[in-house]
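Let's start with one chain on its own, the form predicted alone, as structure tokens.
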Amino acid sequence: MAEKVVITVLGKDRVGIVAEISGVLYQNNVNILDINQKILGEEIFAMTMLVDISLCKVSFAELKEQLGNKGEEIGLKIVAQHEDIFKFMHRI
């Protein structure tokens, strides 16, 4: 059974953002189920990913830490939340 996580990314656009983040996911055996990205204005990068972490090599906490570290490294805000928490926080 899939264990779904929503990853949101926000920051200044530049080449290679998707590759950097998907590289972290690939190294940890995380499957990308859906990805949506947009450039707001002329330079603000916004991306949402739905991923399955059921076969992830590390704990969810460790994955969040790795994504956070990658975000600091490349100057982006990266947040990972379990799908249920994301839905609860963004309900209408």
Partner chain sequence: MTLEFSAEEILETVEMIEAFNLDVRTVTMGINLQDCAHSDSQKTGEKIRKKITQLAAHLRKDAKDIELKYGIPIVNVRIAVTPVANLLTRPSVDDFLYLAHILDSAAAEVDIDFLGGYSALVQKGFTPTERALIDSIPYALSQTERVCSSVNVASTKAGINMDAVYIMGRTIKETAALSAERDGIGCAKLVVFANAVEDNPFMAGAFHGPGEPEAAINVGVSGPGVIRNVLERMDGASLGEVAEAIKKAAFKITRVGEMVGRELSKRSGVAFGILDISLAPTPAVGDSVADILVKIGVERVGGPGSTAALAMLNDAVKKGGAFASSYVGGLSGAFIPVSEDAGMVRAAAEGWLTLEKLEAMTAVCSVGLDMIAIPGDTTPETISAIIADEMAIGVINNKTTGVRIIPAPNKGPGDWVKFGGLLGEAPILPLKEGKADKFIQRGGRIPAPLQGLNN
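Residue numbers count along the first chain shown, from 1. Values in this document were obtained by computation on a predicted structure and should not be read as measured data.
Beyond what is shown, the protein has a form predicted in complex with its partner chain; the following relates to that form.
task: Decide yes or no: are Ala19, Lys57 and Lys70 jointly within 4.5 Å of its partner chain in the predicted bound form, with each residue judged by its heavy atoms?
output: No, the candidate spot makes no contact with its partner chain.
Notebook entry, point to check: Does Ile74 reach its partner chain in the predicted bound form, with heavy atoms at most 4.5 Å apart?
Noted result: Heavy-atom contact with its partner chain at 4.5 Å: absent for Ile74.
message: Taking any heavy atom pair closer than or equal to 4.5 Å as contact, tell me whether Asn29 reaches its partner chain in the predicted bound form.
response: Because no heavy atom of Asn29 falls inside 4.5 Å of its partner chain in the predicted bound form, the answer is no.
Closest heavy atom of Asp13 to its partner chain in the predicted bound form, within 4.5 Å or not? It does not: once its partner chain is placed as it appears in the predicted bound form, Asp13 has no heavy atom within 4.5 Å of it.
With a cut-off of 4.5 Å between heavy atoms, is Thr48 one of the residues that contacts its partner chain in the predicted bound form? Yes, Thr48 is a contact residue.
| query | Using a 4.5 Å cut-off on heavy atoms, which residues of 1 to 28 contact its partner chain in the predicted bound form? | reply | Those in contact are Lys4, Val6, Thr8, Leu10.
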